[in-house]
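Just the one chain here, the form predicted on its own, laid out as structure tokens.
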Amino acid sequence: MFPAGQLASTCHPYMIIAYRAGHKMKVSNLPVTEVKTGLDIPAGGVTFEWLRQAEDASLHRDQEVHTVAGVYGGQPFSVIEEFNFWRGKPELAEAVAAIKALTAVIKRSEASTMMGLEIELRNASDALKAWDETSISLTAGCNLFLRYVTRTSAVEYEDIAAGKARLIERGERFGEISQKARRTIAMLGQDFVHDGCTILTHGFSRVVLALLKLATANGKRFSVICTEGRPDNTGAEVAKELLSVGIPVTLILDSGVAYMMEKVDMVLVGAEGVVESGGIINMLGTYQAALVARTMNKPVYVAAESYKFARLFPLDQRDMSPSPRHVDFAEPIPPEVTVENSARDYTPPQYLTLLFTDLGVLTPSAVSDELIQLYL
């Protein structure tokens, strides 16, 4: 058994540590591409109830009270407005905001049957997904919420009030678990940060920031290299966050990744979505950083919440829904010039080392197994 804090990159190339939230696992001697997770999972597979119990053993519970009627002063309820209310809170991801909005739909529903309530909930979910078709985490969050909430004996209740109360309870529990996911990932991932290391990150990710802040709070000393992150200047935002807790930061141009890679010990990025192949969809430039890191034998770690696991299987860079971003140039661009302004790219699983998730530390090949458990 390796110590819990040992880096996967320092292990034998055919051995890897498998973790679960709050538990150190057995070591497999299979090739990395064949490592299976779930060695200590309950017989029924990974469940949100199991995850809740594991998290409750190590995390402090925090809840935020919010009444739907109090937000709009009794005005007609809108799931989009409710979603935007929660999305306006900087600490909440889009998927969690959607979960809270859909829970509010259940609370405000006037359906007289459980079937009617489920139809109303699905319609609200479809409205959210249609409101922003480019958001992978929003779509995945809505889909997982429906699977989790409606997968209950409440649909068999003849008493609509009892069934509705059961769904509300499950919805609020799912929201709590999703909010805790970031801290669970930070607890797992910070074991892979060691003293004196240099970490390259690309894009603004709340979960990556939480991981790095927890590592420095636990006394680890390391430095971070941030890419500029054009056109949104995400690197400057990340630099400010890290400097506020005393982490040394170097800001580089997006084109300087290969130039700086020899100084890097690991690459750590977030993800907009984790797809069925075990690859990720993230801010444009993630793919090139992973390519360079792979060429120079640097591990690439991804920190992503399980509500970003999406039932997608892109085959190449064009096999994704478009997500254009406005780009400003210092010099005027002739109208005949075509500007490629995609906001994200796809990084195939073979360029990733491990994914830090609230379901545990996973190899890319294990992601499909977790998706099956989540969407059953």
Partner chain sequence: MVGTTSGYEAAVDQFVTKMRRRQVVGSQSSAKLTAELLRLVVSHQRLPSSGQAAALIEAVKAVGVRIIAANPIELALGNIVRRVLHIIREEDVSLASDSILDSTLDSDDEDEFGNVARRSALSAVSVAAATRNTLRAPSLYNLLESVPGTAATQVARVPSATESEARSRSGDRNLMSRKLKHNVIEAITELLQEIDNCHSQVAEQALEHIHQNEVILTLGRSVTLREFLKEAKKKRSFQVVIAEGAPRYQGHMLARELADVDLQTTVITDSAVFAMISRVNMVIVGAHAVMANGGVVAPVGLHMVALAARRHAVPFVVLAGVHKLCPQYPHNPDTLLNDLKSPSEIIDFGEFSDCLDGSPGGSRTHVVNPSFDYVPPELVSLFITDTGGHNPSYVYRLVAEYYSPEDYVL
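Numbering follows the first chain given and starts at 1. No experiment lies behind these values; they were computed from the predicted model shown.
Here the subject shifts to the form predicted in complex with its partner chain, a form of this protein not shown in this document.
For the marked spot (F83, F85 and K100), a heavy atom within 4.5 Å of its partner chain in the predicted complex is absent from each of the three residues. In the predicted complex, its partner chain sits within 4.5 Å of a heavy atom belonging to S306.
Shown alone here, K180 lies within 4.5 Å of its partner chain in the predicted complex, counting heavy atoms only. When its partner chain is considered in the predicted complex, R206 lies well away from it, no heavy atom lying within 4.5 Å.
The closest non-hydrogen atom of F77 lies beyond 4.5 Å of its partner chain in the predicted complex.
With the partner left out here, its partner chain still marks one of 124 to 132, 237 to 245, 224 to 232, 190 to 198 in the predicted complex; by a 4.5 Å heavy atom cut-off that stretch is 190 to 198. In the predicted complex, the residues of 355 to 374 lying within 4.5 Å of its partner chain by at least one heavy atom are, in order, D358, L359, V361, L362, T363, S365, A366, D369, E370, L371, Q373, L374.
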